[in-house]
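Presented as structure tokens, the chain that follows is alone, the form predicted alone.
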Amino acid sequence: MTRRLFLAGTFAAPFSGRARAQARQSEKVLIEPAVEIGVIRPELHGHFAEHLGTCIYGGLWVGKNSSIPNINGHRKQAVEWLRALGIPVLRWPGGCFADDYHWRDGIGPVQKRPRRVNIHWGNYTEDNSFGTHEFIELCRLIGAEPYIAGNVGSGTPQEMRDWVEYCNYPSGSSLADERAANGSPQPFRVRYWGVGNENWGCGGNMTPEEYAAHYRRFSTYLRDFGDTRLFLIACGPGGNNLEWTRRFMEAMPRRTRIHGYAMHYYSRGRDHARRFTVESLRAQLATFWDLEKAILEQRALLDKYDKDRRIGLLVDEWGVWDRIDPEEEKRYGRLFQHITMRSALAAALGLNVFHRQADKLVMCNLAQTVNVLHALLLTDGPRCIRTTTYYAFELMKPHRGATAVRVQAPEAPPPALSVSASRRQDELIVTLVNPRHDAGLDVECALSRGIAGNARARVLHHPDFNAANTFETPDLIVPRDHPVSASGSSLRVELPPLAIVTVQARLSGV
């Protein structure tokens, strides 16, 4: 890959002070501001909230009568922090939960909503106090575009078709009138609709051909209403399963409406979140090089069937999935894991991949928003904290809406230096990730064209990859200002081990 072209050798030198036993290495990166890749859609920084563990109940939703500060039932602190981060899109209600969810259970007077058993995640009984109206309200509170995953596994085309009408038809139909009677006279204008989820697994254990037949049938009845143009998303593979994609596309007539194709890609961890070894650290972080390969190969295969790229590629669920601690799961809910400095590095490595491949992707959703897997926020009763992953997204927020430009970095075995760069008019944004625990990096970013000036940088760093923001130490790891120098056609920055640095500089002469 050209972005990883070797440009300069490295040398080892003794570290001083606290990291005396560690090495420093010198790296040279070439940034080509005039070679544009594509716009970094804000949706590449998307998120996912499933009815799983305490992501919804006890996390985002505490109820209107809770003693925990809330906005109409939504946890106030979570709303404020997610709004500040600028969540571009939020996917709901699953995940596996989506294909056993019947949307009518979650509308109308709360006291009349049925109690249902969540068969996928622990057989918890849910009261359905969080449903379609509450989800839309949450999206509006945090400024996110709603993305609804429909029920194909245990639902019917009519059920999903009616959900679309209920959400989007302006007025005058029975479903639109019912929505108005339930407190929302204006249509929700939900554009993104997933036609099922993981239909190769928990969404029905289908073959690609079986799912293709279901997709064709369901999509036939999913229509645009008013001024809302639907973006219909088909279930892609788990991981880089090229056979699923090939067989699905072979079974799909060219006239079928498909706007997006969603793969899932998790980076599994061998250890409990706060007990990673160096070997398990390296193994997990190296999967992000495999993720980039998967995006390239899935997009190339889709292109054989879709030469005009009418179908956008999504990474619909991604993130680290560590070994779950049973005692923590009992206390905090299913799939709870601590979010460490390693987790933040993983988030930044993933976002760098998406930036570099911005022309091949339309959306990527981290799993999940609160308390589950690779979370932005953790809650415990009234307590709510921002994780290191929250801050990784915050550091990389300046890339949203900018145009990704080509980067060429040294070739090295993963996990190694990771870089992405983007340009917005006369501003250059560069994010550098040092995932190594044993070496700091002195990085020179040379510009192929233009002059850099007025540079500033922020860093997220901790020398212990198992360190985390906890309920007792919520601000242990937070972004800080970081030295950077701009001179002529180069930027120079030092990266300590286990660090994420985003540089913003004025760019002229391009």
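These numbers were taken from a predicted model, which means no experiment stands behind them. Residue numbers here begin at 1 and follow the sequence given.
The form predicted in complex with alpha-L-arabinofuranose is left out here; the points below concern that form.
Residue contact check for R400: none of its heavy atoms lie within 4.5 Å of alpha-L-arabinofuranose in the predicted bound form. Residue contact check for V152: none of its heavy atoms lie within 4.5 Å of alpha-L-arabinofuranose in the predicted bound form. Taking the partner from the other structure, alpha-L-arabinofuranose in the predicted bound form has a heavy atom within 4.5 Å of a heavy atom of E317. In the predicted bound form, at least one heavy atom of W121 sits within 4.5 Å of a heavy atom of alpha-L-arabinofuranose. Just one listed stretch, out of 368-376, 174-182, 67-75, 421-429, contacts alpha-L-arabinofuranose in the predicted bound form at the 4.5 Å heavy atom level, and that stretch is 368-376. The partner is absent here, but in the predicted bound form a heavy atom of H264, alone among R274, R113, R191, H264, sits within 4.5 Å of alpha-L-arabinofuranose. Distance criterion of 4.5 Å from any heavy atom to alpha-L-arabinofuranose in the predicted bound form singles out L335 from the list L232, L335, I311, V362. Heavy atoms closer than or equal to 4.5 Å to alpha-L-arabinofuranose in the predicted bound form belong, across 89-115, to the residues G95, C96, ordered by sequence position.
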